[in-house]
Structures are given as structure tokens and as C-alpha cells.
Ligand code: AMP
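Before any questions on how it binds or moves, here is one chain, the form predicted on its own, in C-alpha cells.
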């Protein structure tokens, strides 16, 4: 069984619709697909309909914007939460507002550096996305010919410390883990060492997050080196955390993250689903429909 638990559609910052993403997953030989758009569940229904047609089993998820106590960002994958949970909805609305709210300032900073794009240019690139943000600013820069690819826009202009970076609201990671658990879901740290030095999220911090209700860590990811993957697997096993592997696929929006380039083992998926079922039973949260509900 081929299982990829971390992908994005154009509901957030991917470049294909939920339907096309599922079709692409089937063509890539995937049996199970996790749809984890940023801070939204809006693509779930469309993806579920396509999954039924294509014979792909769908795991509904989101990739949530959180932060450590020192302010550094951490992405949290939430699998099978109740998307109508009031506390979760409230925080997601704040996060999404922060995503879109910083676009004018980013555009203004880029204008100061001679890049003549507008907020309207960004909106055209974003289309009907639920999660407007930096990737769409990057796409506007690509469309205007200032950079070759979205990755280049981030590396040169939009990442933290770069000239057009603007901060935004993110939920403390410990609070978000508890919110996901209360919504009947299972929380997994996404690419823990992919954006940070391993000292940012050492085993001791992961152990503390486990005590808050963390279910697992994404050990196998393209942004981890082979040695980091081995070390993260060992940490997960020592802490009795679920190990996931995923592509973090964004369509044409991210290089070298092809569907299925990293996979989750079937027994690890079963552990993840069991943790979500246990959280739902404790909280009484509504379980998302589908083959894994």
C-alpha cells in the first residue's frame, strides 16, 4: 500500500484542484492520499468525491500555522479533526486573516525594490484560494518575470530575514495540539527539521509536545537529509510517536516534491487513525465522513 499523507491543492498554495490532485495521485500509484491544505478544510468535499471515483482512499487533514515560544514557526499537520469545532474555527479565522492581511505590506516592500507588482496581481494568481499568502505573491513575481520560480521568490525575497518578509499571527503550538485533540483529530509535526536547525526541535522538545497530545512527526520528507530521516525515526520510536512520510506536493508550486516521493508505512497509518478515533471518542467531536472515519 502506497500512502502519501501531506499534499496541497489550489485551495491553499498548490497549483492543481482537489479533483486533479486526486487524479494525479491515482496516476502515481497511490492508494491513500492525505489532503492537507494550509489552515482550511475547504477542499475536503471535492477531494472526497474524486477519491471515490478514482479508488483512492482520502485522509482529510490540514497543515496549521503555529509557533514555538521563541516565535519561530512550526507547521502542524492535523488529521481528521472536526472542521466545525468552534475553538478551532476561531483560531483558523485569525490565521487566515493574518495570511491575507500582510500581502499589501509585502507588495509595498517589493515595490520599493523596483518590482512593480500590485495586490491585484497577487489576487489574480491566488484565484479562489481560501489561504491567500506568500506563495501567491511569489507567483505574481514569476508572472511578472522578476524570478524564475516560486522557490526563487522565497529564497531571495519572501522568507524570514529577506527584504519583503512580513510576520503574521500563528497559534502557539501547544495550544494548537490541544485544539486538534479536542476537535477529535491527531496532530503531527510537519518536516520538523526541514526549515530549522535540528536544535530548534530536539528530542526533548518533541517529548514535551507529546505530553501536550502530539501524535507523531513527519520523519520522511524531501527537506530532510537521509541521516536526519534515520535520526527522526529513532526519536519517534523512542517517544512512541507515529512516523509519517510524505511528499508535501504542491503541483508546480514546489520543486522536487513529486507525489509519493516519500511514503507512510501502513502500520503507522493505522496508529494515526486509531489516535484520531480515540480523540474523537473522548471529545465527542463529529468525525469527518469517509473510509477512514
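In this text, all values refer to a predicted model and were calculated from it rather than measured experimentally. Residue numbers count along the first chain shown, from 1.
What comes next is about the form predicted in complex with ligand AMP, which does not appear here.
A.B. asks: Which among 212-220, 79-87, 94-102, 122-130 is in contact with ligand AMP in the predicted bound form, heavy atoms within 4.5 angstroms?
C.D. replies: Looking at the other structure, the answer is 94-102.
A.B. asks: Considering 109, 72, 195, 178, which brings a non-hydrogen atom within 4.5 Å of ligand AMP in the predicted bound form?
C.D. replies: Contact check passes for 195.
A.B. asks: My question is simply whether residue 262 lines the interface with ligand AMP in the predicted bound form - judged by any non-hydrogen atom within 4.5 Å.
C.D. replies: Judged by the heavy-atom cut-off of 4.5 Å, residue 262 is well away from ligand AMP in the predicted bound form.
A.B. asks: Report whether the minimum heavy atom distance between residue 159 and ligand AMP in the predicted bound form is within 4.5 Å.
C.D. replies: Because a heavy atom of residue 159 falls inside 4.5 Å of ligand AMP in the predicted bound form, the answer is yes.
A.B. asks: May I ask you to state whether residue 243 is within 4.5 Å of ligand AMP in the predicted bound form, using heavy atom distances?
C.D. replies: No - in the predicted bound form, heavy atoms of residue 243 and ligand AMP never come within 4.5 Å of each other.
A.B. asks: Counting only non-hydrogen atoms and a 4.5 angstroms cut-off, does residue 169 reach ligand AMP in the predicted bound form?
C.D. replies: Although ligand AMP is absent here, residue 169 would stay clear of it in the predicted bound form, with no heavy atoms inside 4.5 Å.
A.B. asks: For the heavy atom contacts within 4.5 Å of ligand AMP in the predicted bound form, list the residues of 23-39 involved, in sequence order.
C.D. replies: Only a single residue, 38, comes within 4.5 Å of the partner.
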